[in-house]
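Just the one chain here, laid out as structure tokens, in the form predicted on its own.
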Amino acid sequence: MLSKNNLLNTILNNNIDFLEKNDQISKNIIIESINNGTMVLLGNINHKNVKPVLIGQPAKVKVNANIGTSPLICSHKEEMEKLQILEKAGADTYMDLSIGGDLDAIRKDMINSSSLPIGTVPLYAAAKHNADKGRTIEQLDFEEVFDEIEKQAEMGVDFMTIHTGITREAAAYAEKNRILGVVSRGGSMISRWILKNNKENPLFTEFDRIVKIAAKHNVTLSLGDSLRPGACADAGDYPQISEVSHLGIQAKYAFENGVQVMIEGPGHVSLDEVESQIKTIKKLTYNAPLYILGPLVIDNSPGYDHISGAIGAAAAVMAGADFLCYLTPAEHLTLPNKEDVYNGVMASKIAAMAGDTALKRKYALDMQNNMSKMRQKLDWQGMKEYALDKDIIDKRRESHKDKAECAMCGEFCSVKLQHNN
């Protein structure tokens, strides 16, 4: 793989010391994993200030945060503020999913303002330009999608969701036989185009064009789950597995042509099926890094979907998932606000840490053990060092910060009583 991708080789060599230290794995493991396609390094050569990020176990499980405008709520300024918040919360990457306003200006501002790898869905920009011309989605010219992929690669986008696996047959089946049909925004756009025009998905039939663009800029392709289940009852059905099977073939082709690939995974999956879902997807896609949204383990948790998703994500990490896309309390309800973004990142970071701890990763075990030692000492500053959310300790203790113990037990604190022995 590295021999076919000089850009990747350059980025890796320039950052290897940082990557070894950050993920606590050796250079040999990193190179071997990238060479066999089970790990990717996010970093576009055109993103000048990017800090590359490794995705793929045994590297630390990473967290992505989605931001971006919508046609109903569109504030360039607020999205830039969300970018600062997700960085503060500790997200490893982010995606700009804007579909309202000046998309090029928003994306350029984000790339210039942050060193985190940025992901996008080029189809969204093409669809917005199409709508601005007064055309319906079935009138979309896919040459404009290919042009958008090239443009965003040149701008410095590090990874892109491309809906390459959805076919005419699977789209028709999903529309007629699922409880909730096609819930992916991009997937629904392509499904409508396919069915209205009675043609095959051009991103499926002309996948080689996408690979050539990605190879020029070391853009990692995140092969989109257009047919992910939007209801637990739809998980594991024909459309989902058909798409995943196609993504595996495409991942192998891209890898053989020097392009890094991730696979995007399920949306809603009941808790008892999470492990089998993850293992099936990994097997069908040659163990490429798996980027998952949730999965949400119940369907009826609006306002709390970040919790439902974190439960599923922790189980998924144990089964082999590599990269978590956050869910916020706003999921299924509205565009997330700044508080939602922060809470969403924290929920996913908890899931990632829970999974890494269950897998006995040394860094995660050290974090747990050191936190416990600080608690045994009632060392609040020490606890902050190992807490996922460092600010909340001082915030919640403000009214009794002069006390050694917390306000739950006061003088009857179990730890304090032990200190008095």
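Because the structure is predicted, anything quoted here is derived from the model rather than measured. Residue positions are given as counts along the sequence shown, with the first one as 1.
This next part talks about the form predicted together with another copy of the chain, which is not shown.
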Checklist entry - Based on heavy atom distances of at most 4.5 Å to another copy of the chain in the predicted complex, which listed stretch, 213-221, 130-138, 279-287, 159-167, is the contact stretch? => result 130-138
Checklist entry - Pick from I111, V259, A351, C325: which residue has any heavy atom within 4.5 angstroms of another copy of the chain in the predicted complex? => result A351
Item to check | in the predicted complex, the residue from I249, I73, M80, I241 that sits within 4.5 Å of another copy of the chain by heavy atoms | outcome: I73
Checklist entry - Is every one of I298, L335 and M408 within 4.5 Å of another copy of the chain in the predicted complex, counting heavy atoms? => result yes
Item to check | in the predicted complex, V145 touching another copy of the chain (heavy atom, 4.5 Å) | outcome: no
Next on the checklist: So in the predicted complex, is another copy of the chain close enough to I29 to count as touching (4.5 Å, heavy atoms)?
Outcome noted: no
Checklist entry - With the cut-off set at 4.5 Å between non-hydrogen atoms, does E150 touch another copy of the chain in the predicted complex? => result no
Checklist entry - Do P302 and another copy of the chain come within 4.5 Å of each other in the predicted complex, heavy atoms counted? => result yes
Checklist entry - Along 303-331, which positions have a non-hydrogen atom within 4.5 Å of another copy of the chain in the predicted complex? => result G303, Y304, H306, I307, S308, A310, I311, A314, A315, M318, P329, A330, E331
